[in-house]
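Here's a solo chain for you in structure tokens, the form predicted alone.
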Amino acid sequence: MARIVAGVACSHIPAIGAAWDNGKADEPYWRPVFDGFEYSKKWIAKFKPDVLIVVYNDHASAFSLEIVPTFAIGCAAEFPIADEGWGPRPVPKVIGHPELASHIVQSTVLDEFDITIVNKMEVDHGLTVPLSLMFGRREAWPCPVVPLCVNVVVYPVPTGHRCYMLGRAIRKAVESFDLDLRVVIFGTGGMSHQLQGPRAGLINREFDTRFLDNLTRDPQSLTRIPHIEYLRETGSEGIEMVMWLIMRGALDDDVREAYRFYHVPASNTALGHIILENAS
């Protein structure tokens, strides 16, 4: 059977992609960011997943305000790179896994999650920046990807508990798939940051550190964080961290923290990253 063997959480800051694409990775400002992923690139090269499930949020690339699905799974064979206003990122197109994606849709819908099926979709920095950080510069990504897009832009967004339980349902779905696949699930976005208004540039290291600690040892406590606390403590975009709970819900209760990296600032954002391996 297929199985989820590990989870990766990673911020998807667009300026990181721009720095990488424009040859600025060795500049003093950006070098610490990319150095922080050297271990991660070696880890995933050794781990060799067959498929990735990447949980991210769209930034008005695939969906406009006319249609905003709460949860949407890309079931296409491939996903072009979106033009976010300055041309598509110069990275490989994303190859999908339609069979696994369709199976996850069927299983989660029967488990009473209302999942939107997307058969044509462009993917933006929310998905591609974590791939660049984890795999570096590639002619092609090393494995297929199942994109799972979550609305964390337009209120109401799903609760942390709902996201965690979706992760549980995704794990069940993967384990009922009849191909032998090693799957790694990504949760992206965050950490604390606000992009506009009087609190633009807000970073809350204490909250971020506690969130990373509890992602490993007490994820149930994170499922009880209300929307207003994310807004107050982590800024208007900090709500993206609920997507990390989908990743965590898909793992074992007991996990091993293989690696952690935290850096501020990257652009005007706190960059967070953690790798969790199932204990068994």
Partner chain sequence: MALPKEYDDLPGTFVFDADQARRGYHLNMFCMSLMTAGNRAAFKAGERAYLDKWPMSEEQKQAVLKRDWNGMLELGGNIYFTAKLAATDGLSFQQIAAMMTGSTQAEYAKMMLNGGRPVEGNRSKSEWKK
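These numbers come from a predicted model, not from an experiment. Residue numbers count along the first chain shown, from 1.
Omitted here: the form predicted together with the partner chain. The next part is about that form.
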The partner chain contact at Gln196 in the predicted complex, heavy atom, 4.5 Å = yes
Give a yes or no for Thr216: in the predicted complex, does one of its heavy atoms lie within 4.5 Å of a heavy atom belonging to the partner chain?
-> no
Would you please decide whether Glu84 lies within 4.5 angstroms of the partner chain in the predicted complex, comparing each non-hydrogen atom pair?
-> yes
Please run the contact check for Ser221 against the partner chain in the predicted complex: heavy atoms, 4.5 angstroms, yes or no?
-> no
246-254, 226-234, 32-40, 47-55: which one contacts the partner chain in the predicted complex at 4.5 Å, heavy atom to heavy atom?
-> 226-234
Thinking of Ala60, Ile203 and Asn268 as one candidate spot, does the partner chain come within 4.5 Å of a heavy atom in every one of them in the predicted complex?
-> yes
Assert contact residue (the partner chain, in the predicted complex, non-hydrogen atom within 4.5 Å, options Val153, Leu181, Ala76, Met165) equals Val153
